[in-house]
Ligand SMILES: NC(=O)c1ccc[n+]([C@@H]2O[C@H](COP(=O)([O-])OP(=O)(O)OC[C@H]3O[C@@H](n4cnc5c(N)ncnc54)[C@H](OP(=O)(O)O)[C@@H]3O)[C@@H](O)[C@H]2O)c1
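One chain is shown next in structure tokens, namely the form predicted on its own.
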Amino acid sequence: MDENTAQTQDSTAARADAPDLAAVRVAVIGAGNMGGPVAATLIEAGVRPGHLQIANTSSDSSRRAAEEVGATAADSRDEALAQADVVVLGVKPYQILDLVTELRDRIPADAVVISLAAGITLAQLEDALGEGRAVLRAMPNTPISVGEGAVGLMRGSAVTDAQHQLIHALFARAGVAVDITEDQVHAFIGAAGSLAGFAFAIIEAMTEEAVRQGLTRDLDDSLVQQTMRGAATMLLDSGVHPAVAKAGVCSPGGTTAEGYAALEREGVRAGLAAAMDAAARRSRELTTS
């Protein structure tokens, strides 16, 4: 059996073992800046729009959020939770423990609870939910809204293997979903959670400089964004280390080598490292506060 045949059989087997998401019922409590993209991702993965109910703070807010992601607006939290297999909590960190305490008797006993709140630990969530309740933490970043993001998943002590597999299937269209520990979540924030914001800042700076150099803004936007996308795709598709890829485009005495030398002189590498470290450090502060 050749390698391609083996990979095809493995992929087919994985699909055969995958949960039937069309039968899964999801309640999203708080479909805002992060809960909304998560809801859209779950529908993209295969959850039926009629099986994903959104309950925000008001009926109008629930309706707007549901229309935006193609889900269903619940008339109340009780309605959303009644038959839920999965409950996504997308409220602010300062709200979530009070919310969990309020809702724990209304969340079905066999439902998996997913918290999107930064800084609130599994131990705190499990204590608020009660013994034996399945809970995970999920740290997504905003590019999941276009299927090109990253999600860090932290598994609680009562989550079964089947529930764990279900959650991975639900986030299969997010981009990449990885298992991390709570000790790793702070590094994840720097490397993925906040990184999109840093990338936006870098792209903005490149765009403004290209305008200064004489390109029109509409042309400049497409050139910079497509090139950044292409560079990331090349690395993902090839598996080549970034240092090797960089060396391949830095011809001796050429334009890229000269530009890269300027990056080093200006301390761009150190600045990026400092930004990621600051995000991770703030994540630790939020968890311990």
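Start at 1 and count along the sequence shown; that's the residue number. Just so it is clear, the model here is predicted, and its values are computed rather than measured.
There is another form of this protein, the form predicted in complex with this ligand, and it is not shown here; the text below is about that form.
Check all three, Q124, L136 and G152, heavy atom within 4.5 Å of this ligand in the model of the complex: The answer is no: none of the three residues contacts the partner (heavy atom, 4.5 Å cut-off).
Interface segment, criterion being heavy atoms within 4.5 Å of this ligand in the model of the complex, picked from 84-92, 166-174, 125-133, 198-206: One stretch meets the cut-off, namely 84-92.
A111, A118, I180, A73 - the one with a heavy atom within 4.5 Å of this ligand in the model of the complex: It is A118.
Among the candidates L99, V159, A187, A210, the residue which, in the model of the complex, approaches this ligand to within 4.5 Å (heavy atoms): Looking at the other structure, the residue within range turns out to be L99.
4.5 Å heavy atom contact, N56 and this ligand in the model of the complex: Judged by the heavy-atom cut-off of 4.5 Å, N56 is in contact with this ligand in the model of the complex.
Proximity of T256 to this ligand in the model of the complex, heavy atoms at 4.5 Å: Taking the distances in the model of the complex, the answer for T256 is no, it never comes within 4.5 Å of this ligand.
Contact label in the model of the complex: P49 to this ligand, heavy atom within 4.5 Å: Output for P49 is no: heavy atoms all beyond 4.5 Å of this ligand.
4.5 Å heavy atom contact, I29 and this ligand in the model of the complex: I29 belongs to the contact set for this ligand.
Within 138-164, the residues that have a heavy atom no more than 4.5 Å from this ligand in the model of the complex: Contacts from 138-164: M139, P140, T142.
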